[in-house]
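A single chain comes next, written as structure tokens; it is the form predicted alone.
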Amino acid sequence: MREIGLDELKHLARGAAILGTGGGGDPYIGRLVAEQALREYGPVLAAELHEVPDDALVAGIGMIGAPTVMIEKLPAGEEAVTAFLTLQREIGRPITHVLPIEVGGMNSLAPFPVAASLGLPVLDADCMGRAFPMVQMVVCTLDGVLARPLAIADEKGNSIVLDVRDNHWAERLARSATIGMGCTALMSSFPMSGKQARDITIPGTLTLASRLGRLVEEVRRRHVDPCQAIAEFLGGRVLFTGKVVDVVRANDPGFAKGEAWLEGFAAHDGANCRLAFQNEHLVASCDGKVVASVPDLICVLDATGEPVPAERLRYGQRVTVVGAPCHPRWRTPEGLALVGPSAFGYSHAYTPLGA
């Protein structure tokens, strides 16, 4: 296992926010909470999947709700620990490893206060390889691992446990509870054995995020275009460069849904781009043609390569839109049924980026 301290945490936060495709919770807020925990308790150990014993008990941590709300309704910092301990009491035996449910924004950092304060390792893996807005949108669903039991905690000290029949019901009931808690909360769920974690989770995503975050700083020092470097690192391409001319968003219900319109400049002068998002960017259309779509990654970056969360898009920003391929499991028929365009109500067929 290796230590993750304050220096790597800043790279991890940036890289995770890029991989989070605009969602996963505000990376700045998540980083502040995680840094506070590391300053108080020290570095966190990150374990690779091959280091996890078969009989380990692993549980996921993540934010649920509308990221726009968390900008004003700041977390208290103890929600993830409360949810985790609530889940542990419900299971009735110690949980040995903490797992990020998704690699994205705040959610890659959400396990760190738990791991730091309780002295547990974080797995260098996650259940999405990016960020998706709904509880059932994880590789666990493809492999029959249930979000059962599921514990939710808010910043006021409230916590509840849900016993659900499947992961779609977990989304429905957890979303309703989260709305009652003020549209944001932290959850702990998807308990699994070490063997299950090795077999089904997506490995190395914290390391990937750290490398990506560090890359941004390195290319800046060399005066290389960071957006192009990010696209090449992820095996993707630059889709559009332009200025945000309009944004429409709403919280509906317990999500941050909306659209943003961009007018192109430089290589895309005279063109336009529309981004549709539900917490995360789902579809990018240029001049009326879909150029990237879920489950592939649509990353919005400023000129320095910093990720721009969907909830922070605003008029006048100059941004670059990068598309990158998703994890191969999402391109299978089962994966597309769960997280493809039709899962979000879109009628267009999925065309893999780069095809």
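Computed from a predicted structure; not experimentally measured. Sequential numbering from 1, following the sequence displayed.
Missing here is the form predicted together with a further copy of the same chain; even so, the following discussion is about that form.
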query	finding
Heavy atom contact within 4.5 Å of a further copy of the same chain in the predicted complex, the stretch among 220-228, 233-241, 84-92, 123-131	84-92
Partner-contacting position among L215, I200, A276, A177 - heavy atom within 4.5 Å of a further copy of the same chain in the predicted complex	A177
Of V283, V145, V247, V164, the one that lies within 4.5 Å of a further copy of the same chain in the predicted complex (heavy atoms)	V164
Candidate site W330, S342 and G354: all three near a further copy of the same chain in the predicted complex by heavy atom within 4.5 Å	no
Non-hydrogen atom contact K195 with a further copy of the same chain in the predicted complex at 4.5 angstroms	no
Contact test in the predicted complex: R211 vs a further copy of the same chain, heavy atoms, 4.5 Å	no
Interface membership of I160, a further copy of the same chain in the predicted complex, 4.5 Å heavy atom rule	yes
Exercise: G264 in contact with a further copy of the same chain in the predicted complex, heavy atom 4.5 Å	no
